[in-house]
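One chain comes next, on its own, written as structure tokens: the form predicted on its own.
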Amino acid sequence: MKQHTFDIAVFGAGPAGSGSALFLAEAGYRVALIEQRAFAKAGPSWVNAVYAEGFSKIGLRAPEGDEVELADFPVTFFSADLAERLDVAASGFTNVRMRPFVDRLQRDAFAAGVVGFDLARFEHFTLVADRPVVARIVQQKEGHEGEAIEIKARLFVDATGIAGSLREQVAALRLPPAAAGDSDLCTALQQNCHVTDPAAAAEFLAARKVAAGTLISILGTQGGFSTLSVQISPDLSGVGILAGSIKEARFLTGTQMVKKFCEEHPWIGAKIHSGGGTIPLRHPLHRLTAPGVAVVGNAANQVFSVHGSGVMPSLQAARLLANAVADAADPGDEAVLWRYASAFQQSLGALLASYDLFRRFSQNLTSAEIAKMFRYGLMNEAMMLAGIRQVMPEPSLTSGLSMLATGVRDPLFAAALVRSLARMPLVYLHYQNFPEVPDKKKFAGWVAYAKRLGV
């Protein structure tokens, strides 16, 4: 059996894993990047709208060239019946082609010295005093059953996505069976197609009074957490469709929603490419580390659940992890890794958990109630931009007056909204008090209060 020794082994070569491997190698560590699929198929393959300014904040070159489909386009949000709308002229969104973007992350990681193992299935850990020290993988070889390889490292990073393959083999990180049900999962599909009848596509836009290139986002198409976005290219040659909904029988899946929309609009032609999957929507895991292990990306529920985007939070978490372990003699030491957990929970964790309260409130609304959010001024430009930029919304006189007016016109709806929103700042402040050091008693107390707050 072959054996290899590294400082750090990262499992999963999507954005979270490739970003982690790159940042950790740049910090001076000998890093292995291990992926179950071929590297060229790792991570998402769809087009993802990402707020572009986030890249500079983590020291990563922004998407460019063939990684970008369209940049800084307007967004128009609609209620399900299209009766209510909100126009956001300067969204700051960039449509990123994830396949070439992830390819670039991998190339940069390998150029920084990362050693890659693809077509490699994780089997199990060898533990010493409950700390993983060796990971056994089986790497497929053409014409062979597979070669068993032992990877020795001081830190193992789980970026394997929602399955959390490494996380589930570590007792301190393993999720209880009922940790997340279907109501905390989103099924999504993004698909790009040719436009076969540009005149009909132009009529579709004219009927909604939007220009070509505008992202049309229809909220609450089936009520609750369900959305359909349509973006026809400026030259009317192509269209991108994104649909997502809670993984419950009462909702069409993202795939079914896209199929239905295409069937209803015959000007949509052959598929160019598509991709999708299941996205975790719950607040980030309370515990992100154990001795010798750190969890990032979807494996840690690091997703902005209001719109189900995990690309930027994953990359931000990867950067925080690299910063936390930089220059450490043992990057898997519990106290060293706790710096990552603390830095994440006090900043991104606070944000993601706070917004998840609103996601859970809105998830139970009907399409008509979501339309009320527009009509009462609760879906306003400041709120939408805060969501796009993934920052906490700032209190304003306008939003305060809207809440007051809602209370007068619709007291029951206003009361439910207030109950949800009132906890957001409490959760945010609580996360900022995440323990600075790995004190079991303090951490248990922090988790207990977080649960009382609903997270």
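Note that residue numbering follows the sequence shown and begins at 1. None of the values given here were measured: they were computed from a predicted structure.
Beyond what is shown, the protein has a form predicted together with a small molecule; the following relates to that form.
Of the listed positions (288, 317, 232, 242), a single one reaches within 4.5 angstroms of the small molecule by any non-hydrogen atom in the predicted complex, namely 242. Proximity of residue 42 to the small molecule in the predicted complex falls within the 4.5 Å heavy atom cutoff.
The small molecule in the predicted complex comes within 4.5 Å of a heavy atom belonging to residue 37.
For residue 165, a non-hydrogen atom is located within 4.5 Å of the small molecule in the predicted complex, even though that partner is not displayed. For residue 79, no non-hydrogen atom is located within 4.5 Å of the small molecule in the predicted complex, even though that partner is not displayed. Residues within 4.5 angstroms of the small molecule in the predicted complex, judged by any non-hydrogen atom, belong to 184-192 and to none of the other stretches in 127-135, 184-192, 365-373, 341-349.
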